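One chain comes next, on its own, written out as structure tokens in the form predicted on its own.
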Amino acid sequence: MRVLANVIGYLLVGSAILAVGLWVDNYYYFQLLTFIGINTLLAVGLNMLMGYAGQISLGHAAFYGLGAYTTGILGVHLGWPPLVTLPCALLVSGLVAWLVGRPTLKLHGYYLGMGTLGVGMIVHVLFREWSSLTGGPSGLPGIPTLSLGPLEIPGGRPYMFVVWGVVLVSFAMCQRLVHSRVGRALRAIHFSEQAAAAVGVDTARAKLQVFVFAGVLAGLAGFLYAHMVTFVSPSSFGFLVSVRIVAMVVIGGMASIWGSLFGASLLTMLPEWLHVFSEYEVLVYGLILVVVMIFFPQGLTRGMLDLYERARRGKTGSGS
């Protein structure tokens, strides 16, 4: 039943993207859907860490930025083609996640959150101050567009298809991981790290593995972002971006891979609807998080399904 539900989900999302690509001819919508896909990659990676392993991270934008800056620096300064820079971007993001995760994952709760927040701030300062390499506060322009050999993939419809193809493959990987031995270990750690260790789970290794996995997915999102906008700057990877990613996970529903898609879609489109509140973005996100945590503690996706089930039972009960 679970496999069938996932297959239906893939078919629905793939059909929707294909329909938009074939029947819509609006560059703005293509860009918006591309951003939703990139944010979905960020959210699903962090959801693996927060939702399944129960580990807080407030510096996820750092790995997003590392992927973007690595491919940008290699492309601009060394002239490397995008596909050659891709493994480098993933390697740098994963390696830094490994180096950061070894000490910080020994912390718990709020201390872990503060530790990852500090890492995010350090990386953001490096992006801003290492001007000779990153372009400093002005950013790094001139990043080449994505290409497959001689075939260039410009922004718009083609790039949207590429991004969502990557998203669906990543979803399949996450689903496989969740239902593997590692996924069961992560859920055990989330329930009780002491109990998981007591039954033989190597908790330190499992937490580090999922932390690196989330970092690599964030680096992949950064790679796709850099070659879409062909420009990166420190402001795109600051603390507010980390907060936004956390909000996507919480609103969509922790421990819900499809919920990551819902949360990313909602919070990517929200600024387009609320231009008038752009100066109060942090307050708006905070208010949304408070409302969701009070009324839908398992996220909007699970909450709406629960409401539907209650309504269905109510109709069944009244009918009988």
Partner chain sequence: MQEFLQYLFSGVTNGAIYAVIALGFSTLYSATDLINFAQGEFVMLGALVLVTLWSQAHLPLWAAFPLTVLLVAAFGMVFERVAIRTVRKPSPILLVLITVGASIFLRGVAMLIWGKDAYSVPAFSKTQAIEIGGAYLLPQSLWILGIVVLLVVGLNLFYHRTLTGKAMQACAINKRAASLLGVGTQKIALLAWGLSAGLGAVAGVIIAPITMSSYDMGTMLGLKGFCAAMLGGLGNFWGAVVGGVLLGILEAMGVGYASSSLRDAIAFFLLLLILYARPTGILGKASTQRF
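Predicted model, so just to flag it, every value in this text is computed and none were measured. Numbering follows the first chain given and starts at 1.
Only in words, not in the display: the form predicted together with its partner chain, which the text now covers.
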Inset, instruction - Could you tell me which of 26-34, 62-70, 264-272, 286-294 sits within 4.5 Å of its partner chain in the predicted bound form, going by non-hydrogen atoms? - result: 286-294
Legend entry - Answer option from L90, L117, V229, V96, heavy atom within 4.5 Å of its partner chain in the predicted bound form: L117
Legend entry - in the predicted bound form, the one of L107, L148, V84, L133 near its partner chain [non-hydrogen atom within 4.5 angstroms]: L107
Inset, instruction - Check whether E129 has any heavy atom within 4.5 Å of a heavy atom of its partner chain in the predicted bound form, and answer yes or no. - result: yes
Legend entry - Partner proximity in the predicted bound form: I56 to its partner chain, non-hydrogen atom cutoff 4.5 Å: yes
Legend entry - Contact of G113 with its partner chain in the predicted bound form (heavy atom, 4.5 Å): yes
Legend entry - Partner proximity in the predicted bound form: G79 to its partner chain, non-hydrogen atom cutoff 4.5 Å: no
Legend entry - Residues within 4.5 Å of its partner chain in the predicted bound form, restricted to 192-217 and counted by heavy atom: Q194, A195
